[in-house]
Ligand code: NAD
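The chain below stands alone and is given as structure tokens, in the form predicted on its own.
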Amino acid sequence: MKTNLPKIGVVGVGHLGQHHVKHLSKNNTISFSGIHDVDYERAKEIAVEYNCNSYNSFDDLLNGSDAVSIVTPTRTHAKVAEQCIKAGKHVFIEKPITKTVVEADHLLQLANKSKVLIQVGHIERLNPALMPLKDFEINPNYIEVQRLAPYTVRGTDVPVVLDLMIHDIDIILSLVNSPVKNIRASGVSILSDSVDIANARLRFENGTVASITSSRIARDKVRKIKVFQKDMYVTIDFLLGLTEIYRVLDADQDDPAALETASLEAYGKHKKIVYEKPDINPFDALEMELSNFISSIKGEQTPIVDGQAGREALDVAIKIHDMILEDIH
């Protein structure tokens, strides 16, 4: 019986929402309360495929749930989440958290008052290729990111900064433990009515610099990040699931994980460069995200990307986009 388990529903069962339903409907640590979508026919199809309840009324789904996964268009996030939070329901909101920072701040205040949690679906934070960095002390001096994709119609209703770049903004903010000091950005529109190619340069108060390029006008997909810090260089290819780490050690230091070493004279001392290629253990990032949400509801964990982190990523993304628009016009 699942009567004592948290009851979680999904609102919005489009392309991504269907994946939320897939994972939650088979999770035996919750009671899946059902789905709602303004497209009733689509909701019926999903309900049949996953053998779950479909509610024509969002209020009915809300009344039968302890928490809701919100996978609706970004422009509706604030309204839907506010209704959930005011009803005392925890919310998982797909990125970006809201359309504006004012909306995000309002939700954070409501959640604090209602004592419910907000988790934001910045799924790239859980990319398996990033996981090996947990074993190292990361203090970047410079970060370089590329996220390129071929053009598709889906998603072009929002600028590339809020569609693609916001993933990398969130990752960078999680790696750099310092406030953003200033931003420089430029971009262009090519095939859509919004910005399709963008480049941003972030400088943090601790001196870290991050350069981010995002484009949805590319021949091939590229998703790479390079992290440079004192005595360490990390390069990650998210598409290949490949993480490579180069470190400078004293010549007499042993590193059992090193695959290759090379001697080096640095700082007037004998050093060596060691190369590691950590094993990447593949897993379904969305499934892990939702499991973290469930555990957070139960008080067993905290959200990997909480509402505040989602708000900070949105704030930087909007500042970048606004700067690009000012430059264009």
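The numbering used is simple: start at 1 and walk along the sequence shown. Computed from a predicted model, the values in this text were never measured in an experiment.
The same protein has a further form, the form predicted together with this ligand, not shown here; the description that follows concerns it.
Though the partner is left out of this view, Val13 does reach within 4.5 Å of this ligand in the model of the complex, counting heavy atoms only. Taking non-hydrogen atoms only, Pro96 approaches this ligand to within 4.5 angstroms in the model of the complex. Proximity of Glu49 to this ligand in the model of the complex falls outside the 4.5 Å heavy atom cutoff.
Taking the partner from the other structure, this ligand in the model of the complex has no heavy atom within 4.5 Å of any heavy atom of Gly307. Residues placing heavy atoms within 4.5 Å of this ligand in the model of the complex fall in a single listed stretch, namely 119 to 127, out of 188 to 196, 136 to 144, 201 to 209, 119 to 127. Note on contacts: among Thr76, Thr235, Ser178, Ser174, the single residue with a heavy atom within 4.5 Å of this ligand in the model of the complex is Thr76. Of all the residues from 192 to 217, none has a non-hydrogen atom no more than 4.5 Å from this ligand in the model of the complex.
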